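Heads up, the chain below is alone and in the form predicted on its own; it's given as structure tokens.
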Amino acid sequence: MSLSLVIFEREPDTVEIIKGYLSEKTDIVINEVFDDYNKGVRYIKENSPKIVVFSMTPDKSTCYKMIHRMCEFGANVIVLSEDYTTSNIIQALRHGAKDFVSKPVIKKDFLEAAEKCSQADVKVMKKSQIVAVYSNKGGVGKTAIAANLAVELTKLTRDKVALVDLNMPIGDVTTFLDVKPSIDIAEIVNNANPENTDFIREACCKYKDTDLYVLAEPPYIEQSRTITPKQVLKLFECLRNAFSYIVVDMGTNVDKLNMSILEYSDFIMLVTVINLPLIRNCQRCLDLFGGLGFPESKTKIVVNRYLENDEITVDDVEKAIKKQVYWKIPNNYYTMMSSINKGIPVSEVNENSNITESFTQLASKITEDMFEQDLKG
């Protein structure tokens, strides 16, 4: 039985190229070609074709909405675009697209996407991803990394991002971003409801005019002691429904609460600096995670305050821990201290600094690796 396919494209040459590629696919039949996208969406609603090839226009916001609507109608959407930046790919996939092919359209890439979308069960992206930033030792810059990473993820993906302070009993996220929330995590863990995404967003403090939301640590040490792993995991279920990305500033304790969160997370950013005691502690964490059954690919080693001419090299670290370093954040003391003292991310101190560039690139790499991992299943 042949599968029906519809093309949204305003460039006649591209239409002919696609038709030529699909001439090799005897199991796919092109039903219609639309240069009027609104008319095309109505057709999708009424006729329910299996596959839609959707070429994006400069009006990306409208395109994302159309992709979402067609996916709701049951179509498997392949997005074509000359803009193959991480942000555009993420937005297309977040709105339901099943694959993304860059323009000019390459035959191999397009036919692979068409084959995938012709399958009965097409892989759907996870609703959200959790990045836990962890170290079993304080003073390595964990909170600074969590805060700046969350800021860059928000800018890059243009999605709603949550920054959760679970560095209990004493967290600093609100200080690092100079926010004054009226509600903290201790007040909402008992009332978190996965069906009520509005409640969970309202419980978080929005950072300036962005889509970054901060969930603050409890103001009193006594409150943190009453929060259980079960409550926190229920909270994360709610957060997954409300946010595309959740960055967690973890505590340093090796306890049931922290291990439960790490197990539930998609990625663990294990932070260290290059000195012998901390490298040893990093190895202990890796041994612990292995003993708990965490997949090796889940943990990413992040070296903070990196200097090119350190006596101990990254190669030395990798040999010692038997694992590749995922990312190196440069030691830019002036920019980072100015950021901390002013309560603003490093990008607002100096958008052209090497450390700002590092966080931007780290956010890009994490999103790309998450999508790749998720698509592999």
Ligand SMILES: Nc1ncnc2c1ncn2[C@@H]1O[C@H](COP(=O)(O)OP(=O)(O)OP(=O)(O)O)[C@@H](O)[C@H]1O
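Counting begins at 1, following the sequence as shown. What you see is a predicted model; the values in this text were computed from it and never measured.
Omitted here: the form predicted together with the named molecule. The next part is about that form.
Could you tell me which one of 30, 349, 340, 321 places a heavy atom within 4.5 Å of the named molecule in the model of the complex? Partner contact (heavy atom, 4.5 Å) among the options: 340.
Between the options 329, 67, 41, 51, which residue brings a heavy atom to within 4.5 Å of the named molecule in the model of the complex? Of the listed residues, the single hit is 329.
Thinking of 142, 167 and 355 as one candidate spot, does the named molecule come within 4.5 Å of a heavy atom in every one of them in the model of the complex? All three within 4.5 Å in the model of the complex.
Stretch from 97-105, 79-87, 171-179, 277-285 whose residues place a heavy atom within 4.5 Å of the named molecule in the model of the complex: In short, 171-179.
Quick one: is residue 295 in contact with the named molecule in the model of the complex, heavy atoms, 4.5 Å cut-off? Outside the cut-off, so no.
Answer for residue 317 alone: is it within 4.5 Å of the named molecule in the model of the complex, judged on heavy atom distances? Answer no; every heavy atom of residue 317 is more than 4.5 Å from the named molecule in the model of the complex.
Does residue 63 make contact with the named molecule in the model of the complex, using a 4.5 Å heavy atom cut-off? Looking in the model of the complex, residue contacts with the named molecule do not include residue 63, since no heavy atom lies within 4.5 Å.
Using heavy atoms and a 4.5 Å limit, would one call residue 138 a contact residue for the named molecule in the model of the complex? Close contact exists here: in the model of the complex, residue 138 approaches the named molecule to within 4.5 Å, heavy atoms only.
Who in 310-324 is close to the named molecule in the model of the complex, meaning a heavy atom within 4.5 Å? Contacting residues: none.
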